[in-house]
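A single chain, nothing else alongside it, follows as structure tokens in the form predicted alone.
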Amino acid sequence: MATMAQAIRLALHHAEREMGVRDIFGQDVGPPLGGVFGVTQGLETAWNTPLDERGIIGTAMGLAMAGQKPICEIQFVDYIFNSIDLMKLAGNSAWNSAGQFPMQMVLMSPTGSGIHGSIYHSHSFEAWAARLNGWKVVMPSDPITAYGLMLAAVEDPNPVLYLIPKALMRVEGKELLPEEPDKKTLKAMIDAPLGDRGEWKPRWPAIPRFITPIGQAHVVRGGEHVSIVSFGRMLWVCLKAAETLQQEGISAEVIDLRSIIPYDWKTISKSILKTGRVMFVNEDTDIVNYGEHLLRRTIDAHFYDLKARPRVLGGEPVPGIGLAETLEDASVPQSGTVVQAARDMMEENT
């Protein structure tokens, strides 16, 4: 099974060979490293930039205005905050120009905790990103979705922020990409060897094109008693919680949102009508959390359908996440947090 990093690399190769992408760039994105997580190893159009987030995003904006389809990377989303004003301009370019200057670009960046990266490598960004009107924002939770969302992002005429959960980069998928070689063969074909890479060239397998539509959620696990809506790394935390709850006789429906902006309200609403209970789980800090918007919409649309008050489970409002495993675990939701919230909802009557 491909890892998420391998799946994204395969999608980027398809984009540069078949979709007109001519520039994939960022800090250490080109040879010899191919990105800090190896996402861009062996790509023909990948090149290195200075350590300059504003320069990276500004370059992508200029290329997009010239009609190209650039893909740029901010090495960790923790470093993106000094570029929010440029992202705002990228998001409103098509609107302000009455469509004369669309901004077809993909900005990808690893996000979230789970790698014990401490205060400079553990931030989440989805709540900030959701306020950047004009952008689409996606976050895959498994390799096959990562492949399909990347191609959808490249095709989209709007700027797309493609957030990659850091902790899932090396995790193998549970579902094969179409015509994917076996794990050992794939690694030999597309993973650069350690040491001297001067003469190394990848041998790309013929993975067919397929799209994961932006704005379409996926019901990963069906359930009857409580709906759990999440994305990225937290989806797997929620699935682990759902297994525990099942042993207690609580049937949890787990939804992978996949697309943060635009989001699939129809799937969320249908699930709420079935279960009458819902929680929104992510690892961004819980003050002005993205899930708070979904909770507000839930109350507006389903106040009289709810059997218990809806919940948002987010990270603690601390300035940074500590390096120690115990500090990191205490800063973001864990499966036990989700389990306890579901138990409380089952005992509560509106």
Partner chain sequence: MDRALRLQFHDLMVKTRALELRMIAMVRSGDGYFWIGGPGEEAVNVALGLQVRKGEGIDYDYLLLHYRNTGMLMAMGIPLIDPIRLMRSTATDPFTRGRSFSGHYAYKPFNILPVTSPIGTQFGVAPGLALAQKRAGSKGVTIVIGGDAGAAEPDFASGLIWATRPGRELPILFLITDNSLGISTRKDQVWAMEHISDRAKPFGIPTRVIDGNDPEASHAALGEALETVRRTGRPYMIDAKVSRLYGHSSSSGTNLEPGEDPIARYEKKLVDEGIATPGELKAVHERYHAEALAALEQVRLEPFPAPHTLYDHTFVPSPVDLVYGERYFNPNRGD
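Numbering follows the first chain given and starts at 1. Here the structure is a predicted model, which is why all the values come from computation and not from measurement.
Although it is not shown, the form predicted in complex with the partner chain is what the next lines describe.
Note on the interface: of 176 to 184, 190 to 198, 113 to 121, 211 to 219, the segment with non-hydrogen atoms within 4.5 angstroms of the partner chain in the predicted bound form is 211 to 219.
A heavy atom within 4.5 Å of the partner chain in the predicted bound form is found for exactly one of 134, 276, 202, 223: 134. Contact between residue 101 and the partner chain in the predicted bound form is found at the 4.5 Å heavy atom cutoff. Proximity of residue 84 to the partner chain in the predicted bound form falls outside the 4.5 Å heavy atom cutoff. Proximity of residue 23 to the partner chain in the predicted bound form: non-hydrogen atoms within 4.5 Å are present. Looking at residue 55, you'd find a heavy atom of it within 4.5 angstroms of the partner chain in the predicted bound form. Judged against the partner chain in the predicted bound form with a 4.5 angstroms heavy atom cut-off, the residues 324, 332 and 334 are out of contact without exception. In sequence order, 52, 54, 55, 56, 58, 59, 61, 62, 63, 65, 66, 68 are the residues of 52 to 71 having a heavy atom within 4.5 Å of the partner chain in the predicted bound form; the partner itself is omitted from this view.
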